[in-house]
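There is one chain below, alone, in structure tokens, taken in the form predicted on its own.
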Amino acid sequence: MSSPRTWDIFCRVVDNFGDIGVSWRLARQIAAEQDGVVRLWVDDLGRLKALCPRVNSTHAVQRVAGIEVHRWDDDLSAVRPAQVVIEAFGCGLPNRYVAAMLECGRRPLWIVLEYLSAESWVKEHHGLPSPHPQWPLRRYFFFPGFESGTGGLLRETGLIERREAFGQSGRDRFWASLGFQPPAPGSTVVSMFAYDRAPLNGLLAAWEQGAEPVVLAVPTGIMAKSLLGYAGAGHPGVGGSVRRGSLELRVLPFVEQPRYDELLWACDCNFVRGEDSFVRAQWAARPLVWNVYPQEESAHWRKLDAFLGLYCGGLSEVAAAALQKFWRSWNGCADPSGPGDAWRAFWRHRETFEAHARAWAIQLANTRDMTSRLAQFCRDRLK
């Protein structure tokens, strides 16, 4: 059987850009590579507009990039469900829509797209069916992951080739397009995307007082305000910069998804958070630092350690220890030395981490991408 023709994706914006970032990438890839007719239902069009400026946040229905985008409300009584219905990250489905699913001659395939994790239990639970506690319908739980036996990672066709073609000339063009000079030779160029509880001040002090120049690129918004507050500067506006010691802070516009990849490629080290930027940083094949989404009872530390257990494979004991110490410090695990000292120990292994990041990206690219696996999963169950 060919891939399902019609798809509905439901997304509630919980973590600013993480949930909608994944949902929007998935919708575009299904439409472009699986010949799917996709409707995306989202409750916060403003967040989607930040990722795709063509979106009009005042329109209830619109067509953007081949996707039919709907503002999600609860009045879906006249909507005919698609062949595949994706409930992104446990957001739930409207009762009227579920009732319409029950009335279909051939009931749609209900997929619960779960959050990404490297924890060992993911392979055991990926793809399992579960009866809904309220409705006489069965759902399937689809878990993204890093290993075989999971749902894989989002990766559109041609991504690796675009990254390889970017090169130094692409870096220079990227900075010029945002109104900046290319960073001076010898600078360490860093992108910053983190949660507000990240221990910024200790790291910024280490960069400010360091012997080597650091260019820190941050998108406009709350994080930029925090960084500028450290620098004791008013907001210079998008395209502006502030210098303090060896540190130069550049305030960037919030770029749409394809340009975010270019930002990652234009930097030497990328600080990322949550899920969507975390995955893109791995495809960027650059050293990265992950700020995991905070959870109750420090459950996110288990998620962090599970990934570190995979990612550090192949690193020397010394390099792995430096990476783990800095990542844990950045995520608030107990570390009396603070992120400044941990950064210096981490960045001494820069060349090792650069080679490792490329090898890791190659390893991931040798497996099928998430959208292909999802389409195959659905084909197998719609026969």
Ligand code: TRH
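All residue numbers refer to positions in the sequence shown, first residue = 1. Note that this is a predicted model, so its numbers are computed, not measured.
One more form of this protein exists, namely the form predicted in complex with this ligand; it is left out here, but the text below deals with it.
- The partner is not drawn, yet in the model of the complex one stretch among 100 to 108, 199 to 207, 255 to 263, 164 to 172 has residues with heavy atoms inside 4.5 Å of this ligand: 255 to 263.
- Note on contacts: among 146, 115, 180, 230, the single residue with a heavy atom within 4.5 Å of this ligand in the model of the complex is 115.
- Interface residue among 195, 141, 283, 307, judged by heavy atoms within 4.5 Å of this ligand in the model of the complex: 195.
- Residue contact with this ligand in the model of the complex: residue 359 places no heavy atom within 4.5 Å of it.
- When contacts are judged by a 4.5 Å heavy atom cut-off, residue 273 counts as touching this ligand in the model of the complex.
- At a distance threshold of 4.5 angstroms between non-hydrogen atoms, residue 365 is out of contact with this ligand in the model of the complex.
- This ligand in the model of the complex is not approached by residue 311, whose heavy atoms all lie more than 4.5 angstroms from it.
- Of all the residues from 19 to 42, those having a non-hydrogen atom no more than 4.5 Å from this ligand in the model of the complex are 19, 21, 25.
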